[in-house]
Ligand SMILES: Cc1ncc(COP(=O)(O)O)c(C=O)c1O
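One chain is shown next in structure tokens, namely the form predicted on its own.
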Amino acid sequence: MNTPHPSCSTPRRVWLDISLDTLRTNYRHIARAVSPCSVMAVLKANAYGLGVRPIAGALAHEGVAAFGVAEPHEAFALLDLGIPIHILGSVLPDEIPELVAVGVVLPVTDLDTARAVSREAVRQGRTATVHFKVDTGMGRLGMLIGEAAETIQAACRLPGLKANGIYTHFPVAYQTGSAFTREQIRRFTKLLDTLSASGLSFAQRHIANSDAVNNVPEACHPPFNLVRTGINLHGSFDTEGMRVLDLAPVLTLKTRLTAARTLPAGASIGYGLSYRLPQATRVGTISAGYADGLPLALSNRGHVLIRGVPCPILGRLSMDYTTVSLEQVPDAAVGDEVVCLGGEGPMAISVEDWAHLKNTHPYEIICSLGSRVERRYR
């Protein structure tokens, strides 16, 4: 007989406060900005690591038009919410039967995929809803723009398919006034005109991602009537480009002070001995490290907030701990709350701040928050 392992009731040392009210406010701002377009919330990778069920539930309450995901397991986790779910990238042959059976909106990236979906829909006696994915310059997935008209026309003649939408994706929409992006729009709208002339039209036509919502207003106007937004819902933006939308961060990463002590002048801090104290210094150790999502690039460069005061990071981050200066908060005590990411006012630490330090983009920062970080919803 297997004995169940005892569970630990002690609160997690590192947690993420996620404001669902702020999320909903951000959604409303986005929806107003793109109106009359409807909004698809992109919830890939467990809503970018924030926890898909609470996020999806809050957005469903706001009347979001659709959810976008990357693969079948993500789609199945949302079926009971009764909102259309789109797989945005591609589908593999062995994934098609289950997805057709539950009515997930499938991407058609080539004629072989269209035929496979058609065969399965006919076999099940169902109609499969599909959106045609066109590659206008992303170079990742989709039918090439020069071949798309012929491919789509052939696919639309197949039985069992409801061709409800067509879309493409921007690689550089964060670059304001990008000639590449304008050319993508021109080629895609020309394709729509060509298909219309052959008698084909689509209920949903989408091209705008979060970056385009901020930087490419024409992507949110006819002939387009749907936008896809992911990271903007979290109050984050690409580190390049404009920030037209009035959005607020939804997340705050917190931990606690584990130790507070005074080390003598000349003491070294952390692996690699990358920092030595120039004088006797009050230092603290916090219970969060790179396993929790703190970028290693914060070593000797970043800071955290203790009692609202910036405390510089000393030495190299460890997997589970980070050492900071307590010189500006000498009364800080073991157990004090520490803000690693987020906070209020001018001292707040943004996702974009970490992205700059790490020389990456905000998507990676949010998706890197560790699995042992507890998600708490407000």
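Throughout, we count residues from 1 along the sequence that is shown. Just so we're clear, the structure is a prediction, and the values are computed from it rather than from any experiment.
Just so you know, the form predicted in complex with the named molecule exists too; it's not on screen, but the next bit is about it.
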Self-check item: Distance check, His169 to the named molecule in the predicted bound form, heavy atom within 4.5 Å
Solution: yes
Quiz item: Wondering, does His29 line up within 4.5 Å of the named molecule in the predicted bound form on heavy atoms?
Solution: no
Quiz item: Even though the named molecule is not shown here, does Gly230 get within 4.5 Å of it in the predicted bound form, heavy atoms only?
Solution: yes
Quiz item: Even though the named molecule is not shown here, does Cys156 get within 4.5 Å of it in the predicted bound form, heavy atoms only?
Solution: no
Quiz item: Within 4.5 Å of the named molecule in the predicted bound form: all of Thr255, Tyr290 and Val373, by heavy atom?
Solution: no
Quiz item: Out of the stretches listed (133-141, 72-80, 118-126, 92-100), which one is close to the named molecule in the predicted bound form, meaning heavy atoms within 4.5 Å?
Solution: 133-141
Exercise. With the named molecule left out of view, choose which of Val42, Val64, Val324, Cys37 has a non-hydrogen atom within 4.5 angstroms of it in the predicted bound form.
Key: Val42
Exercise. Tell me, out of Ser299, Asn215, Gln184, Asn209, which residue has a non-hydrogen atom within 4.5 angstroms of the named molecule in the predicted bound form.
Key: Asn209
Self-check item: Sequence-ordered list of residues in 293-310 near the named molecule in the predicted bound form, where near means a heavy atom within 4.5 Å
Solution: none
